[in-house]
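Listed next as structure tokens is one chain, alone, in the form predicted on its own.
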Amino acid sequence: MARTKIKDILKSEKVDYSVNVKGWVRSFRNNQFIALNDGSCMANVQVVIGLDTDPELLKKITTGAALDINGTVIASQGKGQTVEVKADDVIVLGECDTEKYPLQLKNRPSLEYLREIAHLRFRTNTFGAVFRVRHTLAYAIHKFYNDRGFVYMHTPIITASDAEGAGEMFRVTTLPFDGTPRNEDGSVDYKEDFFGRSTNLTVSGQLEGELAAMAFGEIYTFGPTFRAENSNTARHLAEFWMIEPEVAFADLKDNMDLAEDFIQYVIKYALDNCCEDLEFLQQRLLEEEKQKPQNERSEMALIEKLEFVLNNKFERITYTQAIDILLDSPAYKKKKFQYDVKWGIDMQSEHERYLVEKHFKKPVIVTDYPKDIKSFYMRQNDDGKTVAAMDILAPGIGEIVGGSQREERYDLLVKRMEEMHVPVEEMSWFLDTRRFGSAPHSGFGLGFERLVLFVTGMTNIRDVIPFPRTPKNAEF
């Protein structure tokens, strides 16, 4: 008999039919009632076995064991479920050593501990919900761009360019650590390396994405990126995923419109398709909030926060206006900001959240940042001080999207690259898009884990990626 998923059994009102279910035991009580979960949904199905079941079989039905059950779906006599499965035949596919199994229901493990056993944490309700939401968001991203005619472009993971100019990149090499070939001046001779030059893991697919946009008009990338930033905060990963659309013939306003539509679309898709998981995560957060002092509690519940983003038109202000608002704020005047506020700073999360949560009470798009704190490829404004950049700020997290209109003017781009010590000769392939049929174009980047963090309400970015890569940690 073909296996039926538990989610399909629970959402159907049918009874009195034969079924095969497979899954893992969440609990077993009174030697008769099994709570079985197969990962297809948050809920378990109750399986009722006979009182005359072989005692040797009963010993093997323990929390964590994998079972194969044939039975009949019947109307449930108990509370909490409408149907249950009356077992005719139970096969133990895989026993579980309960003495060593770390996910006993009576001992609720901490998130910190679960990171140490990331290979097992998927089996918990919390991480089951998080990663089902992550899957749904990934699908929604592809659906959003596909339905709008964008071409999905796979950009290189190994690259010779530094898109951000930050220099915090992982080197890719086949050269030996001992006896590394050297030039006469002592520098590494990369001609002996696999690619014949210095290469790294990419921090962004944007630059290559721009090349494709100059042919297809509208493209997006969605792939892994890497940053060798030695940071152990709850907001940083060494390996993460990025979504980066690039659109030809689009200015800054077009870019903002696309980003706003995109964020609202994927959040709505998650609300429509992950209701049960999001309600569970919301309840979990509410329980956590009760343990915090009153002044540290969130003002909005998780689903309320998501609906807040859906139901509000994003406010659009310039960086200069944002700084003026912050300087005039009670928080600044009462010295409640940890970081200083002045024109030219790279705004911190506390500043961004103040604009969203306290001042405007809606998501905010900030534009026209000082050029000195932004990347070389951003289009320079006529004032000579700012660039056509835009960041989207969301409640509870601050910046969630960063983008810009790209500098399409060859001479100005080359001058800016020279000012920022970006090697012009090595980037000739990038500059060719400005030599041969240049056109105004725009794009942005969204860190996928930041999006999942926002939608699930989790507070540590390591809890929204299956296997986190952080300083001194590359387990599994």
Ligand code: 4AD
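If you're wondering where the values come from, they're calculated on a predicted model, not measured in any experiment. Sequential numbering from 1, following the sequence displayed.
The following text describes the form predicted together with the ligand, which does not appear among the structures shown.
Using a 4.5 angstroms threshold between heavy atoms, residue 145 stays clear of the ligand in the predicted complex. The ligand is not drawn, but in the predicted complex it has a heavy atom within 4.5 Å of residue 227. Mapping the unseen interface onto this chain, residue 440 falls outside it, with no heavy atom inside 4.5 Å of the ligand in the predicted complex.
None of the heavy atoms of residue 316 is located within 4.5 Å of the ligand in the predicted complex. With the partner removed from view, the residue among 153, 248, 302, 400 that has a non-hydrogen atom within 4.5 Å of the ligand in the predicted complex turns out to be 400. For the candidate set 137, 214, 103, 242, a heavy atom within 4.5 Å of the ligand in the predicted complex is found for exactly one residue, namely 242.
With the partner left out here, the ligand still marks one of 425-433, 64-72, 33-41, 447-455 in the predicted complex; by a 4.5 Å heavy atom cut-off that stretch is 447-455.
If you take 352-385 and check each residue for a heavy atom within 4.5 Å of the ligand in the predicted complex, you get just 377.
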